[in-house]
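Presented as structure tokens, the chain that follows is alone, the form predicted on its own.
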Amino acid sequence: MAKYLAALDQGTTSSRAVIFTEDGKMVASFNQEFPQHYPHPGWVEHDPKDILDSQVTSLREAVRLSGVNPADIAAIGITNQRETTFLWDRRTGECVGNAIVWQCRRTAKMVDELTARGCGDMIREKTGLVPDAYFSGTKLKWMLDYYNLHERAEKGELCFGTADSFLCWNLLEGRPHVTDATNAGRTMLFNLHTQDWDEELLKLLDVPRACLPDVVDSSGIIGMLDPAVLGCRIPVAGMAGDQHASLFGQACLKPGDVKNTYGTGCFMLMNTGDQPVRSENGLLTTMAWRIGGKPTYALEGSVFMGGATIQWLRDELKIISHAAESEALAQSVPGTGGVYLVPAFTGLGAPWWDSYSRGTLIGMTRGTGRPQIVRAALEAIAYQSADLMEAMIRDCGHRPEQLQVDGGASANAFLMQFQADISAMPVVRPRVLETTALGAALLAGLGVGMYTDLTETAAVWQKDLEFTPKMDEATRLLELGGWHRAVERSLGFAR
């Protein structure tokens, strides 16, 4: 009997593969970073070849490091950065150009035009999304316009997809052109209520249906891994966008359960059950997952610059040499001295939704130095997440008992404690921080019958640490007030 599960976790700055036992223990993982491309201010691209090569390398290396025989892997799950848009030739597999990354703001004016035409409410009602350059729909339209490819797309000669589609097409036998319901739900082209591509939205953005992938469930056999990858055929049986996989991996299976993932961005999702909840506070209504044809929904808030803020300190400012250094520096001073960093380098997501906001460092004095700026950067991640939590509380009318956290930056104890303090809520970290990969693996295991129901997948989750709030309420409100004043100064700067 095959006893292992594998997950492909295709992220924004790296591709990772993880091998798990059936009870959720991580046997081995391998991670490979790839270049980011910034051809113009506010534009972000990936070379599709880098995505594919790094993911295949990561899978092969993870298997090698684990010592597991590939034939003993029961199933593979795929999870991925969402919204990043690929367009390729159906016959040759060649992409028409670089992938346009979810962070890219090149279509902001296109979104402004849609909003000016009064389409915002219709888009939101059908898709649950606030019209924004973040989503795939306008990125796809930009590609079809820029490369003059509408006619070829109409003929079905081109394939559109997010990273999950691109990987399935390249790595599975028979080249299936598919996406799952969670990724489809991030395109601004998918109707949450009909669970299908929406003809009115396709017409609005002039996107031919012939280039769109088939939408499948998040759990269930999609196809078989091409033997050229690992030397044997393995079922690929789970697929979900990274944040949905994380929600599943955190065992947030009942309405009201909420998690926050600290990756390149921060993404907070709250399970709302079998009914979509419309937000009145700037959040998105989105899929949680779809299993057995039955959709589960969530509320979501997105922070565009989470761990990427720490990368900015390292790579652009060069005031830290590695991410782990940020924790010690932040703890070396009692506070920021009134300094706030608003990391709106690619605009602000929920609850602000301002494509024209830009990064702001404010409140500096002659005594401001490296530790204060690094601490302000870490605090900014927590402030943005606290704003999301407050919006969710207002939308749902109840306060969650705790916030479950995961992702690379959740290993930073200073950040997690500050998150608990500024949110006035316990923060719970699991033993396996790679819950995105774990969620994909569990969906795959469910898809091949390794687990019989959701109760068995939930039993895999285990608690590691809990951070309890220590900040008094007066201080908390004072700090939040300073943060919100700083945000106000960043809004609309690039308009």
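Basically, rigid core = biggest C-alpha set you can superpose within 1.5 Å across the two forms. Residue indices: 1-based, along the sequence shown. Note that the structure is a prediction, hence the values are computed from the model and not measured.
Missing here is the form predicted in complex with a small molecule; even so, the following discussion is about that form.
Taking 355, 412, 423, 302 one by one, only a single residue has any non-hydrogen atom within 4.5 Å of the small molecule in the model of the complex, and it is 412. A heavy atom within 4.5 Å of the small molecule in the model of the complex is found for one listed residue only; from 263, 343, 213, 235, this is 263. Mapping the unseen interface onto this chain, residue 276 falls outside it, with no heavy atom inside 4.5 Å of the small molecule in the model of the complex.
Under a 4.5 angstroms non-hydrogen atom cutoff, the small molecule in the model of the complex lacks residue 295 among its neighbouring residues. For the chain shown alone, residue 171 is not a contact residue for the small molecule in the model of the complex, no non-hydrogen atom being within 4.5 angstroms. A residue is said to contact a partner when one of its heavy atoms sits within 4.5 Å of a partner heavy atom; residue 324 meets this definition for the small molecule in the model of the complex. Of the candidate stretches 161-169, 93-101, 139-147, 303-311, only 303-311 has residues whose heavy atoms lie within 4.5 Å of the small molecule in the model of the complex. With the core held fixed between this form and the one not shown, residue 98 has its Cα displaced by under 2 Å.
In the core-superposed comparison between this form and the one not shown, the C-alpha atom of residue 280 has shifted by less than 2 angstroms. Taking the rigid core as fixed, one finds a CA shift for residue 374 of 2 Å or more between this form and the one not shown.
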